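Have a look below at one chain only, the form predicted on its own, in C-alpha cells format.
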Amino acid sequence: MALTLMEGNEAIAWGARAAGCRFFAGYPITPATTIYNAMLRLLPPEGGICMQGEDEIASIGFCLGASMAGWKTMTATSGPGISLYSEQISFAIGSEIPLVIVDVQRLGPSTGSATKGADGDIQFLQWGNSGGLPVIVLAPVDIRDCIVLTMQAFNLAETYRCPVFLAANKEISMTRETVDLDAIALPDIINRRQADPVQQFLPFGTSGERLTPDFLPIGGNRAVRQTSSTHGPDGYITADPELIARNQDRLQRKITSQADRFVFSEYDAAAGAETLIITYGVTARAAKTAAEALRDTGTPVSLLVLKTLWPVPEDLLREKAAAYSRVVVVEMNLGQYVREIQRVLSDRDIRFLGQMDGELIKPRQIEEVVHHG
C-alpha cells in the first residue's frame, strides 16, 4: 500500500503529470493556486515548464501556444478567471487545440467569496464560448477522481482536439484525504494522432468516418496554419457558407456523436426504491451519507452520481431513471444542471434541492426533501 495524504489540487497535478502534461501556465487565484504550486514542483524534474502569466488571459494563451507546438498543457483558475478565459476557449474550440482547464469553483457572482465553495459555473462552462459549440466537462467527487478524471480529461482533449474542463470545487480541491495510490486503476494514456509524414497535410482535414483532424506541430518542418476565423480544411480563412456550415457541423458532431464513449458515473441502486437522487461533485458525498441513513430507517433510495456533465449523458439518465417515479436533483447552486434533468426526464416527478450561500449541502437536508418533497 502507498498511503498518501494529499489535497484535491495536489491530486489533479499528479494526474496531469501521469497523463503526460509537461506545460502549465496559470495566474494565482484562490482556491486554484495550489495546483500551480504543485505543478511548479512536479514539472521541471520531468523536463516540463510551469509559468505564471501576468494575468489569466496571458496564461491560457501560453497554454494554447504550447499545445499548438505539440505539448500536453493545462491551466487552472476559478470563476473570475474562467470569465477571462472565454475568448481563448472559443479559439481552442474553433482551432481544435487540445487543452485541459481546471475550474476550482468558488462562490460567485464576480469576486464572491474566495474561500467558499459552490458549483455556480456549471452552465457557464458549457455556454461560455462565442459559438455555442459543445465542450466536455468532467466533475470529480474525491481524491481518486481528481487523479483519474484529470487523466481522462487529457485523453479526451487529445482524442477530440478540444478543451476539456475539470469542474472541481473549493471543498474537493482544498480538502486533504488519505488515498492508496497503488489501489487506483489508472487509464491508459492517449496521445493526439499525428499526420502522415508523406501525405499532403490539411490542418483541418478529415477522412472517412473520422471527425477529428490529424495533428502536426507548429514550428516543425511542414507548414501548419492556425486561425481563429472561419476556415476550410486547408486552414485558410473563408466566407464560403458551405465550407463554414460543414466545419461547424463537424465541430459539433465530433463531440456529440461520441458522447456515449466518455460517460463517467456511479450508480447505487436500492431494492424497492421509488426515488432516485441525482447529483455531482462534492455534494455526492452528502448524498451518499443521506442515502445510507434513509435506507437504515426503512426508506430505500437509489443514487446516481454524474461525473460527465457535458455533453449531458441523456441515455444514461433515461436508463437509470426508468425504474423510479420520483427524481431528486441536488446541486450547490440555485438550479443549473437540474434544467437538463427536467429536459431529459420530462415525464418524471422531479424535485430540486439547491443552495448557494457558501455552506455545503448537508445529508439531513437531502433526507428532508426525500421524506417531504
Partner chain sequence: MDSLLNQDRPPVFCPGCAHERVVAALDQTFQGMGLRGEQIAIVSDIGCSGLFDTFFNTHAFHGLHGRALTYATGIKMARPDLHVVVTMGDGGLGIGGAHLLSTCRRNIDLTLLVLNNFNYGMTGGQCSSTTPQNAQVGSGFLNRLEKPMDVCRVAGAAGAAYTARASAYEKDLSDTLATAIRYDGFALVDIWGVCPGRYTKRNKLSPKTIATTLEGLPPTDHFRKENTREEYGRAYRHEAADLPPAPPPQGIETLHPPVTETRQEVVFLGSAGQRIVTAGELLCLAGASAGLQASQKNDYPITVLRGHSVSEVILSKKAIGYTGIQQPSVVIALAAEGVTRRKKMLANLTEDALVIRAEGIAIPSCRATVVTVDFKAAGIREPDWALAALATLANRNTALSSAMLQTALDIRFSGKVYDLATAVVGKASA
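Positions refer to the first chain, counted from 1. As the structure is a prediction and not an experimental result, all values here were calculated from the model.
There is another form of this protein, the form predicted in complex with the partner chain, and it is not shown here; the text below is about that form.
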As a check of understanding, the residue in Q226, T212, N155, T299 with any heavy atom within 4.5 Å of the partner chain in the model of the complex should be identified as Q226
In the model of the complex, the one of D234, D249, E266, E274 near the partner chain [non-hydrogen atom within 4.5 angstroms] = D234
Taking heavy atoms only, is L334 within 4.5 angstroms of the partner chain in the model of the complex?
-> no
Contact flag, G131 vs the partner chain in the model of the complex, heavy atom cut 4.5 Å = no
Considering only heavy atoms, tell me if A69 and the partner chain come within 4.5 Å of each other in the model of the complex.
-> yes
Using 4.5 Å between non-hydrogen atoms, is E54 touching the partner chain in the model of the complex?
-> yes
Among G120, I350 and L353, does every residue place a heavy atom within 4.5 Å of the partner chain in the model of the complex?
-> no
Would you mind picking out the stretch of 341 to 349, 57 to 65, 307 to 315, 322 to 330 that comes within 4.5 angstroms of the partner chain in the model of the complex, counting non-hydrogen atoms?
-> 57 to 65
Just give me the residues of 141 to 180, first to last, that have a heavy atom within 4.5 Å of the partner chain in the model of the complex.
-> K170, E171, M174, T175, R176, E177, T178
